[in-house]
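Presented below, as structure tokens, is a lone chain in the form predicted on its own.
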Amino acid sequence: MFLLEIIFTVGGCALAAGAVLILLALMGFPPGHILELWYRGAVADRYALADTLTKACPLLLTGLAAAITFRAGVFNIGAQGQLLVGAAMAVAMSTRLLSPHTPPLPGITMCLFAGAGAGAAWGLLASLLELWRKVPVVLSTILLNFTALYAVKILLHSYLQAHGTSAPQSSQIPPHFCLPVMMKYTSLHIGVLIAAAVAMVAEFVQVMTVFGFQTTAIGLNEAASRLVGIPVAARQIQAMLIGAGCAGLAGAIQILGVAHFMTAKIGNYGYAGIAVALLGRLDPMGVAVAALFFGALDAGAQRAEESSIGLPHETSNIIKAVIILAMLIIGAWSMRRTLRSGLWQQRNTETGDGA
């Protein structure tokens, strides 16, 4: 079954990419040249690979934010807002709250923990609204995305705004609080290793711990989990804290490792993370592979955009959307096939018993 899922996933990705390439060919773009440029921009050399890994880093963490909560039956659509407040807290810590004389290692560590904590607190707000006021998490997290966006805009016009400018942007992150770069002439920073470590820990927790088993059981059947004594509400809140913390950490890493200052347009990594989680089948290692794939799409698309053919900027997003639609169709077909097989076996068993 696992091998079949891999075949379906890879096949769906290939079909989606092929469909978009055919559409581009009809619009006058040479498919062969596009594939060559995509390869050069994504994996052709170590600089291309570094760009792919850098772009995959926030997608991996926001994908984990969605996967961890979805597996527990908590439909957290708020990773974008959690990422924004995490980034804002990292900026506040590095430019306003910490002393300029703070050593680099403690300073960076505090900024990253502050970002993760802010994201977790923002996610906790949605969980508490559901617990106390029965507000669906889907609705509250979507609305909290907008709340976070406008709160960050207010901060960028006031407390976090850089001195000497009227533009809505923060001060530059002090150089000693920026994440170390692992390869010269690239943006490949140590945050990539942090994200990979988080994914490995999440995989271990999911496969090897009682917490991972219980959250998976809750996601599969909440009522049955409650009947066997699993503390459903507590586990779902814990899953939300962990997932939202991952999204907040993604925002902090993106600011300290890539942008080095903040505007309200930090990127839609939170929404893209949902697509990454779905493509990765909500498994942390699958999410890591999906994040690398999406990072390669973005890196390759950037190379094609900057070339003489001038590929439209939205091309990689179109491919992602088509891939997710293909995955949803394949998933629905697979589920329907499984249900039919189960009903057929049940009917045969009943017929045999009756005979």
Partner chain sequence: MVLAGLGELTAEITGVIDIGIEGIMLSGALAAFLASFASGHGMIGLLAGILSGIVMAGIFAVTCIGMGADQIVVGTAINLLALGATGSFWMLFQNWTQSHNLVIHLARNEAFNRIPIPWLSQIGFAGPALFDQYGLVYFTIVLCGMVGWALNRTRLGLVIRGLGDSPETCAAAGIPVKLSRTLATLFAGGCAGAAGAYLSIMQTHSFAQNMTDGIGFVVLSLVIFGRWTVWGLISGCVLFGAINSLQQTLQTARYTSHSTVLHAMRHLPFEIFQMLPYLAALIALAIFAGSRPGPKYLGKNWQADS
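Predicted, not measured: the structure shown is a model, and the values here were computed from it. Positions refer to the first chain, counted from 1.
As for the form predicted together with the partner chain, it is not shown, yet the points below apply to it.
Only one of Val198, Val192, Ala275, Leu112 comes within 4.5 Å of the partner chain in the model of the complex through a heavy atom, and that residue is Ala275. Contact annotation: of the candidates Leu98, Leu160, Met182, Ala151, the single residue with a non-hydrogen atom within 4.5 angstroms of the partner chain in the model of the complex is Ala151. Although the partner is absent from this view, Pro312 contacts the partner chain in the model of the complex, with a non-hydrogen atom inside 4.5 angstroms.
At least one heavy atom of Val138 is located within 4.5 Å of the partner chain in the model of the complex.
With a 4.5 Å cutoff on heavy atoms, Ile318 counts as touching the partner chain in the model of the complex. Under a 4.5 angstroms non-hydrogen atom cutoff, the partner chain in the model of the complex has Thr147 among its neighbouring residues. Picking from 99-107, 127-135, 241-249, 113-121 the stretch near the partner chain in the model of the complex, with a 4.5 Å limit on heavy atoms, gives 127-135.
In the model of the complex, the separation between the C-alpha atoms of Ile323 and Ala301 shrinks by 3 Å or more relative to the displayed form. In the model of the complex, the Cα atoms of Ile323 and Gly280 sit 3 Å or more farther from each other than they do here.
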